[in-house]
Structures are given as structure tokens and as C-alpha cells.
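Form predicted alone, single chain, as C-alpha cells, below.
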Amino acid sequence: MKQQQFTIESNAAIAHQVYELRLSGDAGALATPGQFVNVQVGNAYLRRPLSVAKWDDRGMTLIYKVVGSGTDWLAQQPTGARLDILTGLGTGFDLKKARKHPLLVGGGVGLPPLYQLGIELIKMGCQPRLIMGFASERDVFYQKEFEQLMPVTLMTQDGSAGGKGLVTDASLQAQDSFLYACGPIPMLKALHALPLDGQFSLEERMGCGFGACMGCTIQTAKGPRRVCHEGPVFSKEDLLW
């Protein structure tokens, strides 16, 4: 974990209530896709945990949805503003478990961590594909960005873009060999029932974001585990679903 200042390079809406925040600064504390950061928002007591879509030696890109006063404050911050951020939080996806044809599944704002994951898997010689799910066409983001990396299947619940239905309505392929998933808990529970080994990135309300307050603890096959510290990524066999 590292606390530091980042500078906003851009902060723009890319879908309904969804923003892409590009930051310059030292993102070196991020070691693996699936880790997250905790952003100080105005004078709020608690920071806001946000997903990291990608990073490099110049900075990182976060994607967030405006759901309350904290993220609303963040959406109003201009280019050049400085943000106080804790980086390198959580345990991300285990790339050592990667297989030749991994299946990535993301729902809504659970999608961002899969972008850097896709980049890293391709570097390793894997051939990932993605199923991305949203409520409707107005919620869709990063479709073109992902399509530049891998084959993409788009699903929307109302059928306004891509196929109609949930991500679980998209067909599995014989080559699918390992599952990486991130999104709302009902989606993850449905995916957990699929006949694929995998890893799941959980969404959970957090207090401190680094394991001190125990507020995001869940029960697993290995006993109580903190989503912000031992997670947010857990192996399929550890989840009691």
C-alpha cells in the first residue's frame, strides 16, 4: 500500500453516470490486475474504493459510477486537480493459474479490472475472450477498447445492444478453460455454478480499505476473510455459494 498524490489528466463521462478518470503519477504499487485504490473525496471521512482499468509507468485509469455524494464530488473535479490516493490495495487475480483460453466475464462497473487482466494474459500468450453485461445500451462502455484486445460478446438485459439477457445467457465454448469474473454478487453466484474453475472479484462495502476495520469480512471455506485485504479476488473453491 502506498499513499500519494495523483494529477487528473481527464475526467469524462463514458456511459450513463459512468466516468473514466485518467491520472498521472506513480502507479508502481499496483502489482497485479484486480487490485484497487482508495480515493479521498472532498472532506468525506471514508475514502472511496475504485477499480483500476489499466496502468503504466505514467499513471493509471480508473472507472467509476456516480452513486452518491462522494463519487458525485469526484465527477466534478477538473483537469489538473490533485487527488490523494492509497494505491496497491487488495489481492488481485492470480495469473499463475491462467490457461490458454480463459473466459472473462464482467458486469457493469465490475468490468474495468478485466481490461488490465486481458492485457497481461495476452502478454503471457493466452487467448482470452470476454462476455460483458449491462442493463441497457446507455450503460455500455469500453466495448471498442476490449474488442481491440480479444473477441467480445455483449449482453444487455433489455436487448437494446448486443444479445438480450444476462451474461449467463451467453453460450460457453468448448475451448473455455478458466473463468475470471467481476461484477455484482447475483451475477457471480450464477457464474459460480458453471463447470469451470475460476477466480471471482467481489464487490463489498468497505471502511478502511486495507484490512484494519474488518468491516468487509465474509465467510469462506478457509474461514473469515477480508474482501479488501485477502480479496477482492477469491478462488471459486473458497466461496461458499
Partner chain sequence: MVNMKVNLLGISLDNPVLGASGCFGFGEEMAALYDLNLLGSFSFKGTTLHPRLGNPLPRIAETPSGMLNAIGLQNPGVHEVIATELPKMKGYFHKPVMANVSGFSVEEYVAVCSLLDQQDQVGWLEVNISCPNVKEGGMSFGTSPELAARVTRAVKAVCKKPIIIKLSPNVTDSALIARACEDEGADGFSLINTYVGMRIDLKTRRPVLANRTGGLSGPAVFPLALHLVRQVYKAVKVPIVGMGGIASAQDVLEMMLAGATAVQVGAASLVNPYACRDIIRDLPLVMEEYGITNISDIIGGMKD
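A quick note: this is a predicted structure, and the numbers were derived from the prediction, not measured. Residue numbers count along the first chain shown, from 1.
Quick note: we don't show the form predicted in complex with the partner chain, though the next part is all about it.
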Legend entry - Selected contact from L191, L50, C216, L30, since only one has a non-hydrogen atom within 4.5 angstroms of the partner chain in the predicted complex: C216
Legend entry - Among the candidates L179, C208, I63, M60, the residue which, in the predicted complex, approaches the partner chain to within 4.5 Å (heavy atoms): C208
Inset, instruction - Mark E204 yes when one of its heavy atoms lies within 4.5 Å of a heavy atom of the partner chain in the predicted complex, and no otherwise. - result: yes
Inset, instruction - Using the partner position in the predicted complex, report whether L86 sits within 4.5 Å of the partner chain, counting heavy atoms only. - result: yes
Inset, instruction - Considering only heavy atoms, tell me if R22 and the partner chain come within 4.5 Å of each other in the predicted complex. - result: no
Inset, instruction - Mark Q40 yes when one of its heavy atoms lies within 4.5 Å of a heavy atom of the partner chain in the predicted complex, and no otherwise. - result: yes
Inset, instruction - Would you confirm whether the three residues Q3, L46 and H229 all fall within 4.5 Å of the partner chain in the predicted complex, going by non-hydrogen atoms? - result: yes
Inset, instruction - Report the stretch among 52-60, 169-177, 183-191, 208-216 that approaches the partner chain in the predicted complex to within 4.5 Å, counting heavy atoms only. - result: 208-216
